[in-house]
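First comes one chain, alone, set out as structure tokens in the form predicted alone.
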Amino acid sequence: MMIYHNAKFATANEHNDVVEQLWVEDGIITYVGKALDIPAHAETVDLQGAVVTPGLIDIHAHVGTWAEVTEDINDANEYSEPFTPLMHALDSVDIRHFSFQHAIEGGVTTVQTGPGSANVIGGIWSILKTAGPTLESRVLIERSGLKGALGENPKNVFGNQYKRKPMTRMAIAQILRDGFQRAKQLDAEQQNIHIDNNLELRPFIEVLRGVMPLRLHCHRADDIMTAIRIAKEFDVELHLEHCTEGHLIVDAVKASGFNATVGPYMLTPSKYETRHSTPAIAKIFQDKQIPFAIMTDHPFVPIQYLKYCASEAIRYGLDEETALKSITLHAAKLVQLQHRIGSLEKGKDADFVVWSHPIFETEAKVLQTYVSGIKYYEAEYVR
């Protein structure tokens, strides 16, 4: 058993408790609370007055799949056609990629990663721990959502560049609907055959059955409404990815009942449809009680800057408690992993970060990062 003490443990639980000790055994938190007498058999770690938070969670990133130095290693977009539902993140992720190390250095212990947004239907996302000896050991959810994209990306890649469908937003919507319509036409036995044999319509059937959500990249307000409209047509769970102009139609987003992952807003507009991107969206969604998490969309904002994305939202009015939870507990809830990660609570995975200062202070830097109770990072420089 390991006991960590002499620190402020910001649990990020429902009560935002700040406690004095954290006990860990076999990668699981066994106690977190006020200081207790230390059992004789326990090992102790004196954190010398540091601040500890849960491991950070980015539920929209492309860690381990996207080109960052050379295009040769970009395995995030299968550009050969706009409809590739059987592409799977786990077949592209390189756990040796340096982006995982950057995640650990930034205190990020869990990511949802996978296909990009070049295709109308890009493939399946997965949720992984950012450290661990094998890909299998890192997997939290192997099939966490069917990724699709609306708007400029598929139009530019296929319409403008390849001179083929989709050239318009109409065609994008038609391609998206086509998958669900074909899946719905199958009877139960035919659907099971698709699932058992990993055939083309398997992901659509899984979404229709509620096994996993549809995750649609949508920036512009009309694309957000198209995403909502199609999800309602087929009665499926939708997660709005980016939702960049969501603040312009906030009542409609609220009325939809769907969740959103907002960002990345800490970069210049990369395309016309992101020109209204603003960190203020987090506060606006908070006021409307729309569940949201904050993303980096790594590598568009480097994964190690996730906490700075939340900090920027604070500058636009978001309170610190919600900012922290948008990259911990609330993010975990949006991917239905709050029973394992997202806060420092008994029974959860021992994923935590030791900071030199409170996380949102300018001086705060990561001193240590733990995943499943194992220390995977320690800063070279002492406070």
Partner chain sequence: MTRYTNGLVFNYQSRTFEKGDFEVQEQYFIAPSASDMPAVDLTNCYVTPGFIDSCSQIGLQEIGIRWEGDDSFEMESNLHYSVLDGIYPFDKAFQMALQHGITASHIVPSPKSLIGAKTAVVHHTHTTVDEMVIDNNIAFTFSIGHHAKHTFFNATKKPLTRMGIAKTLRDTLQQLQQQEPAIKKIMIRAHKAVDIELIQRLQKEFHYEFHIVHATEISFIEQAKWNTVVAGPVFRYIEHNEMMALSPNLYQQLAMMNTPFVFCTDHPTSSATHLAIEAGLAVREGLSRADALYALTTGAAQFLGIENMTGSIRDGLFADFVIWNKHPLDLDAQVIATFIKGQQVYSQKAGALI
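Positions refer to the first chain, counted from 1. Keep in mind that this is a model prediction, so the values were computed, not measured.
This next part talks about the form predicted together with the partner chain, which is not shown.
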79, 164 and 198 each touching the partner chain in the predicted bound form (heavy atom, 4.5 Å) = no
In the predicted bound form, which of the stretches 226-234, 135-143, 80-88, 94-102 has residues with heavy atoms within 4.5 Å of the partner chain?
-> 94-102
Interface check vs the partner chain in the predicted bound form: of 271, 254, 184, 177, the one with a heavy atom inside 4.5 Å is 271
Does any heavy atom of residue 152 come within 4.5 Å of a heavy atom of the partner chain in the predicted bound form?
-> yes
Consider residue 312 of the chain shown here, and say whether it contacts the partner chain in the predicted bound form, taking contact as heavy atoms within 4.5 Å.
-> yes
Would residue 276 sit within 4.5 Å of the partner chain in the predicted bound form, counting heavy atoms only?
-> yes
According to a 4.5 angstroms non-hydrogen atom cut-off, is residue 208 in contact with the partner chain in the predicted bound form?
-> no
Relative to the partner chain in the predicted bound form, which residues of 357-375 have a heavy atom no more than 4.5 Å away?
-> 360, 361, 362, 363, 364, 365
